[in-house]
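Just one chain follows, in the form predicted alone, and it is written as structure tokens.
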Amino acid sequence: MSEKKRPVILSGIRPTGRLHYGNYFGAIYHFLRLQEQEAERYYFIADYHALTTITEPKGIFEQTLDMLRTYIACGLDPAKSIVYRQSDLPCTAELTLLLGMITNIGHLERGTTYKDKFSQLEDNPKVEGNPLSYGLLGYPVLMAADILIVRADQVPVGDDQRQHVEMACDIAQKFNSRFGEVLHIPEAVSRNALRLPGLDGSSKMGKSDNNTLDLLDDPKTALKKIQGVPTTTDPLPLDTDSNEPEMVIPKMPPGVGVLYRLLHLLAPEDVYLDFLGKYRRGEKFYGMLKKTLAQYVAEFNAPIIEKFHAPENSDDFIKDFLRDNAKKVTPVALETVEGCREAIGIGHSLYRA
């Protein structure tokens, strides 16, 4: 009896350098849980995708090294997953070209990323750089190539990326309909990602908005950031009909809400409920709340900072790790691309073994 094939799970990671709490609870936390599943796990560093927003030379490679060192410091086990750079798999660009030949422009123009940028440009036509580049329009085709090239079964994504996975399925089905059953059709899996508000009270924590609490922040830096969170002494009414009565954050002022959201994630339940009681009673306690939260942030960050700077988690280790993993994923990717070449009628490459 043949052994049951383990499912292939794929996720992409943008090389943003220093990682924050939004990255951790929105993605890293879920990657760590996936490590316990019986599956083949592929994580690619989306450095090609990062080029859609680049306006000047940046140290994307250095950001990649720092980011991966942080992932490992958070608990990502290099022995349990295959992590590789998109640019270390140049046949991804070839598959993108082949898929692009059968992809309708109208289909791409319906992509949410492109439509959002288009709307921004209409509102502000003096935006520097080239936000409506060919690369941005073709973003879904490149993402489809990322997914299809390793024959992924499951692609865990947040709601903002679900459309791109669906477009990848559409492209694969169109290719197969025209040229035969060559490409494996993946399945989008909801990641139920937690979206953390920014420290400024905005809807999302993001590096470009300078409103993040970072995983490598030392205690002094974390306290300074938390003390700068805007608060108000006028509590809003609690949502007594909420399905999660202990959270009640949607009814809080934005700055207060992010403090409670972080406290709920990091502190013991009794500590969280004690401060929630103070909020219900309208007490003056925000100074104590911020100091308490900063204490739990420092405790959460301490082992991550220690592992990040550990000698065994050096840049040289990460480079060797990426080099070895590129060798592991390349045979799978080449087989997919060669199958597509042959199906289209180009034939196998004469320059590859």
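Note that the structure is a prediction, hence the values are computed from the model and not measured. A residue's number is simply how far along the shown sequence it sits, counting from 1.
Same protein, other form: the form predicted together with a small molecule, not shown, and the subject of what follows.
Residues within 4.5 angstroms of the small molecule in the predicted bound form, judged by any non-hydrogen atom, belong to 138-146 and to none of the other stretches in 263-271, 219-227, 138-146, 178-186. Using a 4.5 angstroms threshold between heavy atoms, residue 337 stays clear of the small molecule in the predicted bound form. In the predicted bound form, residue 161 approaches the small molecule with a heavy atom inside 4.5 Å. In the predicted bound form, residue 46 approaches the small molecule with a heavy atom inside 4.5 Å. The small molecule is not drawn, but in the predicted bound form it has a heavy atom within 4.5 Å of residue 27. Contact annotation: of the candidates 259, 213, 83, 155, the single residue with a non-hydrogen atom within 4.5 angstroms of the small molecule in the predicted bound form is 155. Proximity to the small molecule in the predicted bound form, taken as a non-hydrogen atom within 4.5 angstroms, holds for one residue of 195, 251, 107, 174, which is 195. One change in the predicted bound form concerns residue 203 and residue 112, whose Cα atoms lie at least 3 Å closer than in this form. Compared with the form shown here, the Cα atoms of residue 17 and residue 315 sit 3 Å or more farther apart in the predicted bound form.
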